[in-house]
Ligand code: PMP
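Okay, here we've got a single chain as structure tokens, the form predicted on its own, with questions on binding and movement later.
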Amino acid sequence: MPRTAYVNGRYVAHRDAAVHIEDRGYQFADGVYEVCEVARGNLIDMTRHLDRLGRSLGELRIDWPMHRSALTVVLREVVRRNGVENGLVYVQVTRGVASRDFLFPARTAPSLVVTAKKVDPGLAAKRAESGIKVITLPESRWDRVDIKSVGLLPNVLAKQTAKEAGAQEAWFVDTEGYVKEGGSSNAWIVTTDGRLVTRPAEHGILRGITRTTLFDVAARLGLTIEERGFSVAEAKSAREAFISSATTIAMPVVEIDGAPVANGHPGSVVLSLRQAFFDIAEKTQA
């Protein structure tokens, strides 16, 4: 089935989808995005994703490109047209097209792009059986990482560095040695007495949607969560470590900077979170 994209009011063939060269997302990374999991024909946690999209737009003073209810229709239609039962739907909103100038344009409509792609759920499940490796890097991003901006060059460099080191994710570390988050994920550990620990999302990290839903999952499973910072050293000595994102759900981390976490194998806590996630997350029929 040929892929279809939605670009500024039109459903077009993915191969022909394009935006203007003076779109401010291209010129200045002046835009925001969301990635929503599609699982078993359902959009997962769509309400929370759209809530966060609205917050990001508000922080950058970009208008919604259309009414929220209309955007919901577009998301579902793009998923349907691409025949995605399991995969991802991507939404990007920029300030729009205008002559290149640092100042906000006076009368420019936001640009909207929506795409969807299929992902084999068996691949992530297979990866979870063995877990992933993580490296740590000094924080190199701007201070407003709470905004889900398309300005992701530091993340790109971090992910590439991880790949070249034989790892699958990089954790940004602040000047005091505390883990912030991954290049495309939130970071967690499990203490020796079974408590889940993740950095508070008030400042310095993105409030991940999967992270938020994992709070609901943990409560259902009777697990305790502590929102506090943890050091690289604490992570290396933890009972378990894992990452969370829309693309990974809860993914075990079995090695940090070449040092095994616990016995170097996925732990029971993260696997229980992963197994329970779909049943507890919000599901919207695509």
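In case it trips you up, residue 1 is the first one in the sequence shown, and so on. Remember, it's a predicted structure, so these values are computed and weren't measured experimentally.
There is another form of this protein, the form predicted in complex with the named molecule, and it is not shown here; the text below is about that form.
Student: Is Lys118 part of the interface with the named molecule in the predicted complex - any heavy atom within 4.5 Å?
Tutor: No, no contact at 4.5 Å.
Student: Wondering, does Lys148 line up within 4.5 Å of the named molecule in the predicted complex on heavy atoms?
Tutor: So Lys148 counts as contacting the named molecule.
Student: When the contact criterion is heavy atoms within 4.5 Å, does Leu206 count as touching the named molecule in the predicted complex?
Tutor: Flag for Leu206 set to yes.
Student: Verify the contact flag for Gly182: yes if a non-hydrogen atom of it lies within 4.5 Å of a non-hydrogen atom of the named molecule in the predicted complex, no if not.
Tutor: Yes.
Student: Looking at Asn86, Thr161, Thr72, Asn155, which has any heavy atom no more than 4.5 Å from the named molecule in the predicted complex?
Tutor: Looking at the other structure, the residue within range turns out to be Asn155.
Student: Using heavy atoms only and a 4.5 Å cut-off, determine which of Ala246, Ala39, Ala218, Met251 is in contact with the named molecule in the predicted complex.
Tutor: Checked against the cut-off, the match is Ala246.
Student: Looking at 46-54, 232-240, 61-69, 257-265, which stretch has residues with any non-hydrogen atom within 4.5 Å of the named molecule in the predicted complex?
Tutor: Every other range fails; the passing one is 46-54.
Student: Assess the spot marked by Arg24, Tyr90 and Arg144: is the named molecule within 4.5 Å of a heavy atom from every one of these residues in the predicted complex?
Tutor: Checking in the predicted complex: none of Arg24, Tyr90 and Arg144 is within 4.5 Å of the named molecule.
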